[in-house]
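To begin, one chain is listed below as structure tokens, in the form predicted alone.
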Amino acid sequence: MTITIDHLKVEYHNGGELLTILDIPFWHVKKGEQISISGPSGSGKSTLLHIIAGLLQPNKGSVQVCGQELTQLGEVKRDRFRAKSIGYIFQNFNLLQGFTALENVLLGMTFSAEKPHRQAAIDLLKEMGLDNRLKHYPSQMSIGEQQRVAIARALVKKPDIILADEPTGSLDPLHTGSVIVKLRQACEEQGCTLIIVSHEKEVVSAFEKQVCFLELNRAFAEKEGAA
């Protein structure tokens, strides 16, 4: 298994009330699987990705990713694990404004097992349709172009897992389909697992394995039932 989640809970106190954000009894993902997760805003989809990436720690439960029990790792070790094994495509891009598109992609390889490879980064940006934007800064690119740079940055280090949080949310329809195809092909070629969160039917339906988050996250299902 690439990912195994067991009795996961994420909770926080809101005044005197304990609120449960995630309550996932069990979920596993096999190596190389490609999965789309759909669900309404506020259901905890992004929180789950953050947990798998080691960006957040759960209050309870086990989170095993690529043989590592993340709940037993400190922050520094989780950071190292993420740099080596996880490619994360953030919804808000997280590009460094003082660096060009090419430099942002090369930075994605800085802390990974892969040594920075300039030509590999150039080739990937070209495949994303950004061959005329290599030396442009984020402020000089459209929102859709910035998103494609963020996708290239996650792919270039050849991680074990790609976690994509609404990766096509800022793309026009012309590029949405081609980017999803490229993302899936790259993951298949590299043998890496892909988990994508999206509200777009076109994106979700492109995957054979689809997960309804309302069924996976018992906390949100119970909240909806009580409403």
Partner chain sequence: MSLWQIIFRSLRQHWLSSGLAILSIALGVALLISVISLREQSHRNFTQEGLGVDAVLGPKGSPLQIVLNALYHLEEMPGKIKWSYYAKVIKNPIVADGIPFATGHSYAGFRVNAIDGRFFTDFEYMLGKHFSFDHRDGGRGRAFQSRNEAVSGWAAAKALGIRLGDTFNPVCGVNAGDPVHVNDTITFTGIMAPTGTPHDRAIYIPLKTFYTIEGHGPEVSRMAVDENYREISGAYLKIKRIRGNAIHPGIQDLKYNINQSSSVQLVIPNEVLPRLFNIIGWVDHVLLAIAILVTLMAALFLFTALFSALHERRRDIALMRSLGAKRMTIFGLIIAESILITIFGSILGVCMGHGIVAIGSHFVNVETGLHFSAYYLSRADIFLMPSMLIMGLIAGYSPRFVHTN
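In this text, the rigid core denotes the largest set of C-alpha atoms whose superposition between the two forms falls within 1.5 Å. Only a predicted model underlies this, so the values are computations on that prediction, with no experimental measurement involved. Residue numbers count along the first chain shown, from 1.
The same protein also exists as the form predicted in complex with its partner chain; that form is not shown, yet it is the one meant from here on.
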{"property": "Proximity to its partner chain in the model of the complex, single hit among 72, 97, 132, 119 (heavy atom within 4.5 Å)", "result": "97"}
{"property": "Close approach of residue 127 to its partner chain in the model of the complex, 4.5 Å, heavy atom", "result": "no"}
{"property": "Exercise: residue 35 in contact with its partner chain in the model of the complex, heavy atom 4.5 Å", "result": "no"}
{"property": "Partner proximity in the model of the complex: residue 66 to its partner chain, non-hydrogen atom cutoff 4.5 Å", "result": "no"}
{"property": "Residue 139 within 4.5 Å of its partner chain in the model of the complex, heavy atoms", "result": "no"}
{"property": "Residues 107, 110 and 157 all lining its partner chain in the model of the complex, heavy atom within 4.5 Å", "result": "yes"}
{"property": "In the model of the complex, residues of 50-71 near its partner chain [heavy atom within 4.5 Å]", "result": "55"}
{"property": "Core-superposed comparison between the shown form and the other one, residue 146 Cα displacement 2 Å or beyond", "result": "yes"}
